[in-house]
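Presented below, as structure tokens, is a lone chain in the form predicted alone.
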């Protein structure tokens, strides 16, 4: 028996995807020209699947801050946060994030993935019960497994489903933690946070909201969906990432729970990994300042999101949710999705191919993420390319 035998179904499915053309999971950009344009060889590609929501990756202030951080502190920290890996910029970013949210504390992690591992696996244990939205991110599922807590899934974005499951444990002495996301990364739908909060309050549970894809985009100050819905003060812990709107690498958790700081000596994902480089942290601090200084970026991304959504819907595509910076296009089956993805890339548009088992409801989709840096012409070009490919596919199907 071979160690890799268990992956045979995955290997066969992967081989089928590669047979459609380019390998969708090994695309390498030879050069990034701007937040919305990359080069593959000599071909220019419009980037419509990067999560670069506010387009800050090429912001001059962000780049200058990264360069300054590297020059002053070196290329890396070579240590964890509790060893030698906490520098002045780490502490400053934590203070700035806490102040930005109006919360007492924030903790910075090396990745957003580790932020979820630290919060969930660090706080929940065998004596606790974690209630998780069925469509939550893989990092949240992995964190639940590591925690050793009892895991209870509830139907996606369904407060009544959560209520029923919490009701079964109301007489149980266990701590109860509810986990949901703000903006979901595959379909682009958002959580009914106000309703979830009413349910969790009634059952005396804690609520963790992952704002990875909603931070910077939702709310008058870009704090996320909780701010947009006016329920920020009712969320016990907020988690987020630096790799979307903040245009870098890293993650954070923020809270006003009195003993939240204990995570620093309780969470293995914080304690046993090297901390982010000063270059990354300083770039994130600069990006946070730009989010505050340029509220018009949120106007731009929402205008682009609505334009792309309307264009694709008008062209007859089946979309997974209402307009948001994430627009999922339902393609029906993996084979068609892969072929369509390849055809789009040949036309000069890069999107994300998302297929089972990594998608909700076994949906095969093309995932678009919009940026404030996209021009109206680029949005229209994306729609035109989708339409042209669909027309060719329809003609081919009719000829068979």
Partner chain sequence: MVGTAAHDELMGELAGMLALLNKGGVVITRATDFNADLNVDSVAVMDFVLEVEDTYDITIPINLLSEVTTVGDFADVVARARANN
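Predicted, not measured: the structure shown is a model, and the values here were computed from it. Positions refer to the first chain, counted from 1.
From this point on, the text means the form predicted together with its partner chain, which you will not see here.
Against its partner chain in the predicted complex, the set 152, 169 and 357 is in full contact: each member has a heavy atom within 4.5 Å. With its partner chain left out of view, the stretch that reaches within 4.5 Å of it through heavy atoms in the predicted complex is, among 70-78, 143-151, 248-256, 100-108, 143-151. Although the partner is absent here, residue 165 is a contact residue: one of its heavy atoms lies within 4.5 angstroms of its partner chain in the predicted complex.
Using a 4.5 angstroms limit between non-hydrogen atoms, residue 43 is distant from its partner chain in the predicted complex. Along 62-98, a non-hydrogen atom within 4.5 Å of its partner chain in the predicted complex is carried by no residue at all.
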